[in-house]
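This document starts with one chain, in the form predicted alone, laid out as structure tokens.
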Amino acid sequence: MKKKIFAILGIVLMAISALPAHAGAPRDAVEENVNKVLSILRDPKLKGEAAKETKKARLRALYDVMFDEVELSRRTLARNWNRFSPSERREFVLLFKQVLEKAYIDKILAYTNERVIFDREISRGENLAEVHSRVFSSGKEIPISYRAIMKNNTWKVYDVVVENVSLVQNYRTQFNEILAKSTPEELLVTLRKKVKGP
């Protein structure tokens, strides 16, 4: 079941990256674009190993255009963000994106027609909102919340919470442990190795 939950988290990561480039109800934006992501995952023309790279490229394009990578990175590093130089911050944003893709892309591609229902949205401040949804998978209902911020008249998601586990908090804990004993450059070295990987 744990693998299934992380597979769904992967789907969510791609889904929240596809918010439209205009202001509007966060719930409407999330729901509309989750369907765009799911249509790629369900496309019968993109089945099989031969279409895997095409599917990845389409999903990656949605991520690149709409995911607020800087906000996600800044909130993940929290107080440690200020320890990074501007160039280190830029590299961290790039590496963190690659770490997330490496961790979740195969799980996203393993999507098996889970059903998604969107519920309410809650205002968390002038430019902040949280959208609640549920994913139904193998008879289990999994609550998912999307945390979004309005920037330049656009809603962008900076965190996702699956069964009360925050993506940002999860990685923040890991990075804080490293940065308690290491420099920003040493964390970047660790991330470079993780991205290269086996």
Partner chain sequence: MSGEHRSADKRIPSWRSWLIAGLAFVFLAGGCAHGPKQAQTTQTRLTIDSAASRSALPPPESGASVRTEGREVSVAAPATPVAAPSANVAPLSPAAAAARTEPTSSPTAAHRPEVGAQKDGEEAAGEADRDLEGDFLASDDEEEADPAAGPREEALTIADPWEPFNRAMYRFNDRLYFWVLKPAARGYAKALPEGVRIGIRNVFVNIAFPVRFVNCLLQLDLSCAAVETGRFVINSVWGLGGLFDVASDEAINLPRQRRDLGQTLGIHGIGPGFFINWPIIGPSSPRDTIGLMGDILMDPLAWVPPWYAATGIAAGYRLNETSLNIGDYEALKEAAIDPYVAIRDAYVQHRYHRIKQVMDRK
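Model, not experiment: these values are computed from the prediction. Numbering follows the first chain given and starts at 1.
Beyond the structure shown, there is the form predicted in complex with the partner chain, which is absent from this document and is the topic of what follows.
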Which residue, V70, A51, I40, L62, has a heavy atom that falls within 4.5 Å of the partner chain in the model of the complex?
V70
So, in the model of the complex, is N153 in contact with the partner chain at a 4.5 angstroms heavy atom limit?
no
E31 within 4.5 Å of the partner chain in the model of the complex, heavy atoms:
no
Please check if K196 has a heavy atom lying within 4.5 Å of any heavy atom of the partner chain in the model of the complex.
no
Check whether K36 has any heavy atom within 4.5 Å of a heavy atom of the partner chain in the model of the complex, and answer yes or no.
no
Using a 4.5 Å heavy atom cutoff, which residues in 67-97 contact the partner chain in the model of the complex? It's fine if the answer is none.
D68, V70, E71, R74, R75, A78, R79, W81, N82, P86, R89, R90, V93
